[in-house]
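In structure tokens, one chain follows: the form predicted on its own.
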Amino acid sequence: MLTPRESSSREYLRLDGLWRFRFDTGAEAAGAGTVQEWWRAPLTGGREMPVPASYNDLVTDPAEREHVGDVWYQRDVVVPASWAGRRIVLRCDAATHHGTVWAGDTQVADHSGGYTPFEADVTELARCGEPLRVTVRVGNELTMATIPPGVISASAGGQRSQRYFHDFYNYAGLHRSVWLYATPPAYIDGLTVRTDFDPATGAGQVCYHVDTAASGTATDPPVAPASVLLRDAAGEVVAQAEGPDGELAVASGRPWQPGDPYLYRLDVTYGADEYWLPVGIRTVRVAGSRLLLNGAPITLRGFGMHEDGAIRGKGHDDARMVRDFALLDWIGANSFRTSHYPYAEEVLDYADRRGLLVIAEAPAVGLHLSLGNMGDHGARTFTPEPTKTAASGPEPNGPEPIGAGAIGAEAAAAHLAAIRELIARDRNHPCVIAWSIANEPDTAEGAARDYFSPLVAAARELDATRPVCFANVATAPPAVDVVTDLFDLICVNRYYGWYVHPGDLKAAMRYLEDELRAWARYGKPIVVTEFGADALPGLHALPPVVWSEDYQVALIDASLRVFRRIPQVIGEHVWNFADFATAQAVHRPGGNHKGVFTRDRQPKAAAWLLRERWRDDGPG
């Protein structure tokens, strides 16, 4: 599935803007809209809602903000008359967490997973020069068979509520663009590139594979096979080939890297169809306890981040993206993790052009059913036997406790599908240097190894050119973790000085260093993918106390000094880049405040500390 791009043979309409919108609050199990077939006529009884955006922060009714179930989007688009005789495709970049699409009266797509695209050929349904009614039903329900998982319960009065196990708000809606685009009937269906670079000789290599297909409107096969041209940034052809597979040699290649994100362009032609792809020539590999980019050790400095902002929620926002990257540059960061889901592809395109290194993460968060305030003490996550040990039942009017072994075969299948879709979408981006397949799962549980082994193998089979990792949680230190040896990088989320020994940095740093040295015995690169402390903007204290900006500065500064003493630590990602929304909770006043920037992207004191430390280190 290719990202929509304009070319001499391709055109698109981006269907962003205000759509007709309606909450589905019917009592029917399938939803009133489904039973009454709302897609068959103009949507009535609702309002207008912007796309892309979360709907949650755009309403004023608390029940609508916390709605559990379906919502409906609809708009009409006039199919250009000039598209007659061409293949016409309807595409959603993301529907969180489940999307069903109708073109006119016909269902054309159904997709689970809230962060990756899906599309449908609507050539036979679209009448060129006439309007086409597009309807999208979006469901936000999370269950123990979805990734991420969740539990839905209902009160005595029938009010449904969603419980989830991740510590960020469960925004929902059409978070990214919807497209209608046209290609020739015989078209380029997929494109994969793999690059290599030899720093000793300066030679670069681009291996490519082109998938082609023909829609039902194609009458004659194209007379020529696929052909490719590789152009430099000035547009000059530096290599070319014919056929669906090939290798392009670039004798004096210019590598893609932070500080110099040089991009070539691969032009592909197949019959009447043309498609182009930015290509960064670079190689990533692990050598002992080092992570090498183009043969040279790289040190990661940056953040775990969130697609999150006021008003728009998780909806993609070019303005927010540009501001975030400007702040990353200002502070001296060279990397970030797409915690805890695939980000909009526009973000990766921008990272390609700006030279940021990205750990791309699957939406597998919350696979730890006993963790913290969101889980049930004693609950088992992967163990199939009924070994639930929680002594107490549900809180009054609260959710039922989770049963044992709730993450089973259905969830594993959804997890594998999410990994496949992540890698298929993002494998051509030079900025992506590693695949993270989960965040903070319960890897102290013995059954976790059987769960993760096939997922790691699948990720490597899908892409053997990048290391595979996951973010380890504090409940699974080296002595009890059962999966880390399967992975290429050791990524750990640790909150010494915050959740452990809060306010006592001397003890906290001693324990942090002891644990990191224990991880170092694996002989693999270590990235501290989360560390930090909440800080309320404007709260200061001398001496520093928890929740103050001063304590956040002291904790981050002390942690950085520990990392510098351990050679195997090759990366530090502060949690978090900016404050973000969470579910309502007494310990989350207005959300999570671990950002070194406020939610409106202004620096706290810790941002100035990091700028001083990181800008002295250079781009790598």
Ligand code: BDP
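Note that the structure is a prediction, hence the values are computed from the model and not measured. For every residue, the number given is its place in the sequence shown, counted from 1.
Below, we refer to the form predicted in complex with beta-D-glucopyranuronic acid, which is not included among the displayed structures.
Visitor: Flag this candidate site as yes only if F197, Y264 and R466 all have a heavy atom within 4.5 Å of beta-D-glucopyranuronic acid in the model of the complex; otherwise mark no.
Guide: No: no residue has a heavy atom within 4.5 Å of the partner.
Visitor: Taking 4.5 angstroms as the cut-off for heavy atoms, does W547 touch beta-D-glucopyranuronic acid in the model of the complex?
Guide: Contact with beta-D-glucopyranuronic acid, no.
Visitor: With the partner left out of view, is H573 within 4.5 angstroms of beta-D-glucopyranuronic acid in the model of the complex by any non-hydrogen atom?
Guide: No, H573 sits far enough from beta-D-glucopyranuronic acid in the model of the complex that none of its heavy atoms falls within 4.5 Å.
Visitor: Within a 4.5 Å heavy atom cut-off, is H340 in contact with beta-D-glucopyranuronic acid in the model of the complex?
Guide: Residue-level check for H340: yes, a contact with beta-D-glucopyranuronic acid.
Visitor: Hey, in the model of the complex, does E440 get a heavy atom within 4.5 angstroms of beta-D-glucopyranuronic acid?
Guide: Yes, contact at 4.5 Å.
Visitor: Would you point out which of 278 to 286, 478 to 486, 495 to 503, 314 to 322 contains residues with a non-hydrogen atom within 4.5 Å of beta-D-glucopyranuronic acid in the model of the complex?
Guide: One stretch meets the cut-off, namely 495 to 503.
Visitor: If you check R40, R588, R65, R564 against beta-D-glucopyranuronic acid in the model of the complex, which one has a heavy atom within 4.5 Å?
Guide: The residue in contact is R588.
Visitor: Which pick from D93, D308, E530, E445 sits with a heavy atom within 4.5 Å of beta-D-glucopyranuronic acid in the model of the complex?
Guide: By the 4.5 Å heavy-atom cutoff, the listed residue in contact is E530.
Visitor: May I ask you to list the residues of 148 to 180 that have any heavy atom within 4.5 angstroms of beta-D-glucopyranuronic acid in the model of the complex, in sequence order?
Guide: Counting only heavy atoms within 4.5 Å of beta-D-glucopyranuronic acid in the model of the complex, the single contacting residue of 148 to 180 is D167.
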